[in-house]
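Okay, so here's just one chain, in structure tokens, the form predicted alone.
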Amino acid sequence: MSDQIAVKSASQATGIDLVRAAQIALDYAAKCGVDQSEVSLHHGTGVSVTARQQDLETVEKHNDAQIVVSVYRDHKTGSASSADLSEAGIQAAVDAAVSIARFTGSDPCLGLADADRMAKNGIDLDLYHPWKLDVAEMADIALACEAAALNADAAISNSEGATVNSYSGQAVYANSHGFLSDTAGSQHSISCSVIGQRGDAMQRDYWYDSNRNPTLLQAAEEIGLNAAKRTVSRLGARQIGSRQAPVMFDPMTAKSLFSHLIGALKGGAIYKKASFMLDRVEQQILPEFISVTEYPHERGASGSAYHDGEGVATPAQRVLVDQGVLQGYVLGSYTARKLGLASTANAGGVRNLKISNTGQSFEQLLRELGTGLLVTELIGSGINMVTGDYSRGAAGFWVENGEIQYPVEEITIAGNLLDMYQKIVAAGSDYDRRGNTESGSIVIESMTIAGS
């Protein structure tokens, strides 16, 4: 393959030559007479250690490998996967994909992404940081995390455990355009969940951190303390009566508002005319003070990639919503062709989404909220992606005059996402930077709250 691109390959470290496996698959697919083919492979190893009630409860080790082959012939496609990376296993997967393609419908939009859109230059995005700990060291971290939670407050009565996860692996994507990428990556996390009790009242909450680089993880003891603090703060939760009131989503729950937006912008929903964002490009969908931007090339971030799932080069950044105005959809090559548009390099989704803010801290946003509901947990998924109607169970805190008064539970918040987006009055700088989306707290002028 003349255009092979390698970024921190882990082939020798894993002992499995995924590049050779990809070449075997593509060569054999060509011999089977297909027009185009592509192959994705991964191999990874990991360890998960859980401590509960100050005893080591479980140790799980993972060693997984997979190949996924897709072929295209006469505008028909077939895909097959296998965990057998021997030459015979790879050829069997290709045979299965070819056989499936014979029975699928023809669609002129099917096929690889355009050859001229392939990423030409690999970028080292600093994604590979293996955590060189043995099981005993990981157990010590989990035990310290849980101990911090158990000792934080007398109201902490039980534990669901603290878990330390570490995973490192290699991913290869190649296609018959001659494109191949070989990338190593890692992901690590520490989490803790505990139960609090006062009298007959019980509550549970958790905290966690995750990062590609283990040296950047929050200290285990801090994670345990945060889990305990959140749990204790929920004790004595009340119900409230139904009403219309301002609602503030904390950073963790605010992310979901933008995940619904991205879901509505995906090409599949758009070309099927099953999205509340249909025909809204170049329209004002958010307040002018909010822009939504993805940064696929951010070093070390969880969603970073220099090409999408089809090999299309990703941009350093892409503004999806500019000062409230929708700029475009989220497209891979197939959905782009369906719409008569070009791929936006989003096969596999958006990468490192960031929401702009109006500069207020969490405390300042509470004052902006005045009297209303602070949401810290969402339950269920009552979202109609065609109409935008929104209804979800929630828990959090009742706020009066900018001050948290007491925890609340067993309530439902409802509205319509189009209306909710327009009624955002503030976006905080209190970013939650974990995961693929960075958002601060969001204050919405008014929503329906259904309670007791």
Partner chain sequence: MKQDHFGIAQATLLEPTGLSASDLDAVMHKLTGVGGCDFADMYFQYAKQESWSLDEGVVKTGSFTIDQGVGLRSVCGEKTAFAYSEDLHVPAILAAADVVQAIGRQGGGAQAPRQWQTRSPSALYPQQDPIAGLGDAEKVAILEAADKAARSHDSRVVEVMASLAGVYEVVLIVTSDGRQVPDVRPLIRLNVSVIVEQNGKRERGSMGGGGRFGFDYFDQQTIEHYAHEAVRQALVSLEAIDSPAGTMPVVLGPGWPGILLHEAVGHGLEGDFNRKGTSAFSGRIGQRVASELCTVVDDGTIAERRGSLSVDDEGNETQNTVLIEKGILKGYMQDEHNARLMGMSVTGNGRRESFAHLPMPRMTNTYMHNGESDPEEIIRSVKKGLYAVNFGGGQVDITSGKFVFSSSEAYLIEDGKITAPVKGATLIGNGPEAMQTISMVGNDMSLDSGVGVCGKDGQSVPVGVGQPTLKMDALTVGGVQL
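All values derive from a computational prediction rather than experimental measurement. Positions refer to the first chain, counted from 1.
The discussion below concerns the form predicted in complex with the partner chain, not included here.
Sort through 31 to 39, 422 to 430, 397 to 405, 61 to 69 and report the only stretch with a non-hydrogen atom within 4.5 Å of the partner chain in the predicted bound form.
Residues of 61 to 69 come within 4.5 Å of the partner.
When the contact criterion is heavy atoms within 4.5 Å, does A83 count as touching the partner chain in the predicted bound form?
Heavy-atom contact with the partner chain at 4.5 Å: present for A83.
Taking heavy atoms and a 4.5 Å cut-off, does D107 contact the partner chain in the predicted bound form?
Yes, D107 sits close enough to the partner chain in the predicted bound form that at least one of its heavy atoms falls within 4.5 Å.
I'd like to check something about A152: if you look in the predicted bound form, is any of its heavy atoms closer than or equal to 4.5 Å to a heavy atom of the partner chain?
It does not: once the partner chain is placed as it appears in the predicted bound form, A152 has no heavy atom within 4.5 Å of it.
Is it the case that Y295, even though its partner is missing from this view, gets within 4.5 Å of the partner chain in the predicted bound form, heavy atoms only?
So Y295 does not count as contacting the partner chain.
Is it the case that L143, G267 and N357 all touch the partner chain in the predicted bound form, with a non-hydrogen atom of each within 4.5 angstroms?
Not a single listed residue reaches the partner chain in the predicted bound form, so no.
Of the residues Q284, N213, Q317, S381, which one places a heavy atom within 4.5 Å of the partner chain in the predicted bound form?
It is S381 that has a heavy atom within 4.5 Å of the partner.
Relative to the partner chain in the predicted bound form, which residues of 70 to 103 have a heavy atom no more than 4.5 Å away?
In sequence order, T77, G78, S79, A80, S81, S82, A83, A96, S99, I100, F103 come within 4.5 Å of the partner.
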